[in-house]
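Below you will find one chain, with nothing else, as structure tokens; this is the form predicted alone, and questions on how it binds or moves follow later.
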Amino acid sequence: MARSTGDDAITLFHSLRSAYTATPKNLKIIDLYVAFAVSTALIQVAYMAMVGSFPFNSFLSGVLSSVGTAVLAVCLRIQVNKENKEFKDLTPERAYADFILCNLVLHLVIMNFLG
């Protein structure tokens, strides 16, 4: 079995980076939004680990809101991607409208959970 070296990891990183440069700008913006939502959830979990989770409903609401938004954004990215032939009949406007409506429902549920 061949041993992987640091050069293999660098080559992999460069190939992924060069392939990502061909990604359309709207998908890159959605990727940044997903990264922001996931990092917000991680910051909330780290804060809870350091300080505590006294209002546990608030902690759960914040984390579930961040994770739910990230999941919905990933679904939006899949639907808006031109290379994905599964959603070729779905217009981007419809995908964005679905994303906004689902986010609205998600956040109404989150606000209801806060009590």
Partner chain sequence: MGEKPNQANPNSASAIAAAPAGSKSSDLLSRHFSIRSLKLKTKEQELLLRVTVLCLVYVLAFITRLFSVLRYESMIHEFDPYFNYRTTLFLTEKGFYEFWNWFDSESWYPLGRIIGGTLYPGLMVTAALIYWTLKVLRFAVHIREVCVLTAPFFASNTTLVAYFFGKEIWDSGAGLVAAALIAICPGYISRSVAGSYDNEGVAIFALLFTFYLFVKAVNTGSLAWSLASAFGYFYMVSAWGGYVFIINLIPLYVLVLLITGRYSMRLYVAYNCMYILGMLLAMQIRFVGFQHVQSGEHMAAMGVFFLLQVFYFLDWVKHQLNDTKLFQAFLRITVTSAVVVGTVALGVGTASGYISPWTGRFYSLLDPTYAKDHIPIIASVSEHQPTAWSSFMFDFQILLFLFPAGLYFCFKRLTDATIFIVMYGLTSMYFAGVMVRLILVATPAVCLISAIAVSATIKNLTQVLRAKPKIVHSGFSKGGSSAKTSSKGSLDQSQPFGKNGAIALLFGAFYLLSKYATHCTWVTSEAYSSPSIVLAARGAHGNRVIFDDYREAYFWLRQNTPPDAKVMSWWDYGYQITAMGNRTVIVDNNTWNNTHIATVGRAMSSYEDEAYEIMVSLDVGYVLVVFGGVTGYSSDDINKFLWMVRIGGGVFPVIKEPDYLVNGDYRVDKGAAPKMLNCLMYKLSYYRFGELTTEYGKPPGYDRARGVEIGNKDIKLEYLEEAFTTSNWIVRIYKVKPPKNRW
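All values reported here derive from a predicted model rather than from experimental measurement. Residue numbers count along the first chain shown, from 1.
Not on display, but discussed next: the form predicted together with its partner chain.
- Of the residues Ala49, Leu32, Cys75, Ile43, just one reaches its partner chain in the model of the complex with a heavy atom at 4.5 Å or closer; this is Cys75.
- Under a 4.5 angstroms non-hydrogen atom cutoff, its partner chain in the model of the complex has Gln79 among its neighbouring residues.
- The closest non-hydrogen atom of Phe36 lies beyond 4.5 Å of its partner chain in the model of the complex.
- In the model of the complex, its partner chain sits beyond 4.5 Å of every heavy atom of Asp89.
- Contacts between stretch 53-91 and its partner chain, counted in the model of the complex as any heavy atom lying within 4.5 Å, involve Phe56, Asn57, Leu60, Leu64, Val67, Gly68, Val71, Leu72, Val74, Cys75, Arg77, Ile78, Gln79, Glu83, Asn84, Glu86, Phe87, listed in sequence order.
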